[in-house]
Ligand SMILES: Cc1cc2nc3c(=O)[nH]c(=O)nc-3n(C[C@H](O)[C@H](O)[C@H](O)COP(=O)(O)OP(=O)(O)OC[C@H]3O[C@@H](n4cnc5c(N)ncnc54)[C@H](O)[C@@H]3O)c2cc1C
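One chain comes next, on its own, written as structure tokens: the form predicted alone.
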Amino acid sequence: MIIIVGAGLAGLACASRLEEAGEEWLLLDAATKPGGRVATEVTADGYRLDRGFQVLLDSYPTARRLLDMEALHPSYFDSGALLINRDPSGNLEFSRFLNPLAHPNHALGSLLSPAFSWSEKLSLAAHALVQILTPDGWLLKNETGHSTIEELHRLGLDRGMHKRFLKPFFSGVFLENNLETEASIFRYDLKKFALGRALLPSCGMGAIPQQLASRLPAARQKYGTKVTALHRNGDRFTGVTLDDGSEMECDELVLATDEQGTRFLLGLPPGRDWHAVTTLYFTGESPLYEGGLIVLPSCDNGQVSNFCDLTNITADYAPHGRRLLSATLLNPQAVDNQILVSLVQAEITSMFPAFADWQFLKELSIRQALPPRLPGYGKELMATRFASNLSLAGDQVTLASIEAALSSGLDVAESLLAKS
């Protein structure tokens, strides 16, 4: 029997492969439903609130292998962003920056856009092309030893394009403001965004783990079942203890839990301090702007890293006649909720006056959203094979992303199948 602890994307991917191979397995999770950090709350009024601003890229190969994309009823973002900047006189400047690979009809407009210099456009295009031509495995396995901001400086992209596009966009991807993330991750993400389209499932991001779980036998999935201890005999783990005091035996054990949960079960000290993120959701009646774009304000002292009218992408995220906007905050001021909401509302209203009529819905704060991935981060990852019959999967052992979580679960399953 293979016991998998944790029904996030890594655990579900592992279970999917084991089920496909006809192995005996059991999936345990303390939550009442699958998904981990990939979850969607549906309010009584019918709003779909993802657990933070999240998207799925259709350029993720493992996601395409494991998921029925069409069954998610996806709606796609425009590939690009709406950039908002203030000129030296304090006047707002709005410009659309679109990926010419995804929007060839706008390629000329993007090339002629005065938002960035020709040298910046050419440098970014050349750098993206190099990454597109580089295999994913090489990008992921070869750290550069320097940060994203250092790479942008070497490329001459640390001026206008950095302020108006690269910093606000990739700060939202990395969940850190200074672009200190290892440059190899920037290269990989640049490739995936260049080649793919970001999408939202019609039922919210939580539909992704729900789809994976729905294909698996319900009898093998135990939710509301917390593992409180592991049984160990020398180099082998023989079973687990549950919160009701019962015990289960296993031949192989997979911990697809979050890093802190894994360390607790193994009796290890706390690990890395993860990046936090706060998402504020608002609702209104009238659209603020046109197009399925994320909005990137380049204000250095603002609260909001990015925001998006999600109903520009899919009307299914809000009840009929209503709209839903998510605002992402990376390091919000330490003020109470009401003051923070007022600050954010004033900030967005200064760009879109109609936002003054929108109402606040809910704040979602995620204390452990993404791990830091500074140069050398690979040395901080836990070993996939922790003991002779204990494997680890998920963000604790690999790059933190939807694709990486799914891939790590598959990798663990393949290693177990190779042993059998």
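Treat the numbers as computed from the prediction; the structure is a model and nothing was measured. Numbering starts at 1 and follows the sequence shown.
Although not depicted, the form predicted together with the ligand is the subject of the following passage.
Colleague: Would you classify residue 257 as touching the ligand in the predicted bound form, given a 4.5 Å non-hydrogen atom cut-off?
Modeller: Answer yes; at least one heavy atom of residue 257 falls within 4.5 Å of the ligand in the predicted bound form.
Colleague: Since only the chain is shown here, I'm wondering whether residue 5 would be in contact with the ligand in the predicted bound form (any heavy atom pair within 4.5 Å).
Modeller: Close contact exists here: in the predicted bound form, residue 5 approaches the ligand to within 4.5 Å, heavy atoms only.
Colleague: Heavy atom to heavy atom, is residue 66 within 4.5 Å of the ligand in the predicted bound form?
Modeller: No, no contact at 4.5 Å.
Colleague: Using a 4.5 angstroms cut-off on non-hydrogen atoms, would residue 382 count as touching the ligand in the predicted bound form?
Modeller: Looking in the predicted bound form, residue contacts with the ligand do not include residue 382, since no heavy atom lies within 4.5 Å.
Colleague: Sort through 223 to 231, 80 to 88, 245 to 253, 126 to 134 and report the only stretch with a non-hydrogen atom within 4.5 Å of the ligand in the predicted bound form.
Modeller: Checking each option against the 4.5 Å cut-off leaves 223 to 231.
Colleague: Can you work out which of 293, 166, 277, 102 has a heavy atom no more than 4.5 Å from the ligand in the predicted bound form?
Modeller: Checked against the cut-off, the match is 277.
Colleague: Looking at 216, 203, 265, 122, which has any heavy atom no more than 4.5 Å from the ligand in the predicted bound form?
Modeller: Looking at 216, 203, 265, 122 one by one, just 265 meets the 4.5 Å heavy-atom criterion.
Colleague: Any residue of 51 to 72 with a heavy atom within 4.5 Å of the ligand in the predicted bound form counts; write them all down in order.
Modeller: Going through 51 to 72 in order - heavy atoms within 4.5 Å of the ligand in the predicted bound form - the hits are 51, 52, 53, 54, 55, 60.
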